[in-house]
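Have a look below at one chain only, the form predicted on its own, in structure tokens format.
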């Protein structure tokens, strides 16, 4: 494992998620907050035009444009597709990146708290999870790796050799909350501290294992044949991100008064419950399984 030399902190991938934007502005004013002994860190404002328009995106979700095949497609030329190619040139190119670690800062309207999302599997990620959880016990570790090669991942943070997402909520779109901004700053600082200690082979003793949640699939709101919504997330589920849902538990309340139950065969843990950004696709929540990550003591080579 090679040491990490270049770290990019990205804000504003979605233009109406304000914490990351204001945090990178703070880091630009106070660059000493980013720098560590063993690497160089810098910031990137991913989608400034969407932020100026106070929208998540203008033409397409920027955080879904980073498959190598899409980046290489000349017909992909709307604003976010073009912006993705610029970002890939700055951070990547994907598959042979200039940047060793990308930290992408996001907000959610869901009641998820501070979440570290690991987009790929590996010892580096497991050790990072163990360190963040040790320093920030309230943090949730989420695994969204789908075992695809990096070139087939759609997310911006996969342009780097390593990439993670800091996802913090609840925060309404186009709003700032002090507690959410502070949690985002704290988790980002812990990631930077870990990276420096990892490079210098000075990591403290880490927990042998950490609890995490692995993404399974998403479920949609109930709709009729015309695509009109028939109900909403059940009040017993609302704001209960990462709390268990058992088979038979009510998950939707229909407008006619009926309740719809979860029909799965095993206990699951929801996240992104009633996320405002996903309403255009009628997504109600993501479902996860609880897992244990083994924290292996792997060091970078000299």
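Because the structure is predicted, anything quoted here is derived from the model rather than measured. Positions refer to the first chain, counted from 1.
Missing here is the form predicted together with a further copy of the same chain; even so, the following discussion is about that form.
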{"query": "Site check 109, 175 and 234: each within 4.5 Å of a further copy of the same chain in the predicted complex by heavy atom", "finding": "yes"}
{"query": "Stretch in contact in the predicted complex with a further copy of the same chain, which is absent here, among 150-158, 175-183, 132-140, 114-122 (heavy atoms within 4.5 Å)", "finding": "175-183"}
{"query": "Of 239, 249, 61, 70, the one that lies within 4.5 Å of a further copy of the same chain in the predicted complex (heavy atoms)", "finding": "239"}
{"query": "Of 76, 200, 98, 229, the one that lies within 4.5 Å of a further copy of the same chain in the predicted complex (heavy atoms)", "finding": "229"}
{"query": "Contact test in the predicted complex: residue 274 vs a further copy of the same chain, heavy atoms, 4.5 Å", "finding": "yes"}
{"query": "Residues in 111-135 with any heavy atom within 4.5 Å of a further copy of the same chain in the predicted complex", "finding": "none"}
